[in-house]
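Starting off, we have a lone chain in the form predicted alone, written out as structure tokens.
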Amino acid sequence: MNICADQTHNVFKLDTPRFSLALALADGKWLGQAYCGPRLETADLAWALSLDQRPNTPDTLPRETVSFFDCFPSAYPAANMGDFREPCLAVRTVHGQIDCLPRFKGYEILPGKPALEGLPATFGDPEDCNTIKIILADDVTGVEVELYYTAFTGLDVIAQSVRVRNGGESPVWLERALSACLSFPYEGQKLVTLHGSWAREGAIQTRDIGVGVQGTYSSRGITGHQDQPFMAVVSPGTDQEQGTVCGMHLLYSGSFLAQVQRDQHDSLRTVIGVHPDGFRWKLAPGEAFQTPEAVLVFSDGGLGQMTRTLHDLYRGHLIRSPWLHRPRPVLLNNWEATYFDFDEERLLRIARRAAELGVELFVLDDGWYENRHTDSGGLGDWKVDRKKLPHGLDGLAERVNALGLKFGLWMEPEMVSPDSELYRAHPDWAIRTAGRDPMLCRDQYVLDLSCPEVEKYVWEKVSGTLKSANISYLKWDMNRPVTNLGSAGQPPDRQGEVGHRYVLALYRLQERLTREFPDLLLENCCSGAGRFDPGMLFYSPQIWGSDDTDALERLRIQEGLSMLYPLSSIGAHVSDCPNHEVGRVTPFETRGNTALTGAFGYELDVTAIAPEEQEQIPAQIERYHRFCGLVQSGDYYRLSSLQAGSRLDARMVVSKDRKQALVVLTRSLNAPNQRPKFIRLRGLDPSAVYADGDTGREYPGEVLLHIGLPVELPGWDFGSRLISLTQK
């Protein structure tokens, strides 16, 4: 058992392979964090809690209770109760006051990991993990707080979530209910976060932690292109190979908050959870609120080790799709090939040539339904445009299938156009505040999924469409943030619940989708990575990485996303040049190599590209199938970074048994008068010999690890090369 409850010392200790988290009680009632760091065998840690925070407690010095809580490393700090740092819990009572101070009441150790009702969460059997439930309660308000900590036995991960229940006789309102809190002494650490915007997601930022509050957040109703629901506190000098990392990643797909605060005593408090702005959840007597789960990941081997831990966690304990380890079909999406300008004949012409070149799945994107010749109409009705598709979706699917291709479809089920039958009939079904027309974005509104009848309508449209034809793949898109947050279907005292109820309804829809269409390959999308988060990975094995398909931009974007997410979860396509977003021309081979370490596909008109580019497609598809198993399950290493200023993007994947490796090298801009360079590889067996699959050249593993592999690239801008290494 990797969880110890030492009642003698009032300590609860959770151990992962290399790290420990210890919680302890002050005065036998106040739960605080005694330790978080490299694994300790002892459980006698209560003294560390009191020594770090002064020997005086509320029981020993009642006159300084506020001073105690102002310094105490509370495991789940409450607002307005003497702790003036970032709180996790804020409860407003029927008197209109913020008041709640839960005390320790008991605990329970559970084998394995309980599921979270209605929310995505990691999972594991008793041999994988164990869970402790620590119960706190406030006698004045009747509020009960259950803290769930799950320690994994084979990974340096602790998952935390919180359940808040109203055990009193009057309603209360949660105005803040975050998912996790950790404390550290400040020792010069830095903060790592991921930022960006539409078409340039995944930018890694490292910054000093000054006195005060800093972090990242989204108030957009989605996690957003701009900010990932992730942050890491790292020791000075941390890079891919060295340094201590404590990361926090929220399994949630709505507005979030992730903050670190450096206080007056040079202590750090990190918190993560649902963003409190606009959040107000009513709890009637007996009702409970479940927070999303936060993943706490630890590494003493730099960011690279953190990355590999998260990849293993999400592949083994989050993604449930049967497509997780299956070879996924190579798809061709028609969006950048045709946009809205297509008919059945043009689609079949593209599909026919794609099938000849080895493509396995044809995906019909936006524009297949009535009133959809631009992006200003038709959303919400989902009636097939018989002028474009005279044989309907079923007829088109039959013809695509006859070519030997599977058929896939794009939908944006959460949206409604002002110019639609649905909106004209039900304007109250759009998210809006009373008396005000909602703001437009992309000339569309957001459907109010918090209303059961709207959720029911969306399900009927999605499921009915999927049943109408032989559809084996669905791209579920969402193309705008949520504004004017309000609902005609919720009473005034529950308007603060609309944002979270929207996310819960989305999860219900996708859960039902995966259950009733178990073989469907689902790819989530939000104008690219606008909702690229662990919550969505619980339902789909892949998410569209970005609407920017330029190879060089994608190298940077995929570098950032792959720091957290498995390579095979990142949708990556080969597109045409000049690129539609940036106008850049890159070699077709480079575009293929960039997409290879992702969920591989094409986004172009194969009948219109140059013959020499068409001729490369069968070889690219063959390489994808040769390496897809390695990409899906191997260990990922970042060797050289464009984001860090290098001209060379270098990444590699190594099989778990270290017998096979794939190295992908891509240059940005070429430069004159360059001496030969070597790139040191990682993850190989130093005692083995590896052979280059193309040249047959052999290298001792120790030489590749300590001297490196010669960087031999084509002599032009954006040149790229794949190197396959196999252990002799």
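Just so we're clear, the structure is a prediction, and the values are computed from it rather than from any experiment. Note that residue numbering follows the sequence shown and begins at 1.
Same protein, other form: the form predicted in complex with alpha-D-galactopyranose, not shown, and the subject of what follows.
Proximity of 365, 475 and 479 to alpha-D-galactopyranose in the predicted complex is complete: all three residues have a non-hydrogen atom within 4.5 angstroms. Note on contacts: among 649, 589, 497, 547, the single residue with a heavy atom within 4.5 Å of alpha-D-galactopyranose in the predicted complex is 547. Checking 309, 131, 527, 141 against alpha-D-galactopyranose in the predicted complex, a heavy atom within 4.5 Å turns up for just one residue: 527. Shown alone, this chain has one stretch from 289 to 297, 106 to 114, 519 to 527, 245 to 253 that lies within 4.5 Å of alpha-D-galactopyranose in the predicted complex by heavy atoms: 519 to 527. Mapping the unseen interface onto this chain, residue 335 counts among the residues with a heavy atom inside 4.5 Å of alpha-D-galactopyranose in the predicted complex. alpha-D-galactopyranose in the predicted complex is not approached by residue 190, whose heavy atoms all lie more than 4.5 angstroms from it. Proximity of residue 442 to alpha-D-galactopyranose in the predicted complex: non-hydrogen atoms within 4.5 Å are present. Residue 410 belongs to the set of residues with a heavy atom inside 4.5 Å of alpha-D-galactopyranose in the predicted complex.
Shown without its partner, the chain has no residue in segment 671 to 688 with a non-hydrogen atom within 4.5 angstroms of alpha-D-galactopyranose in the predicted complex.
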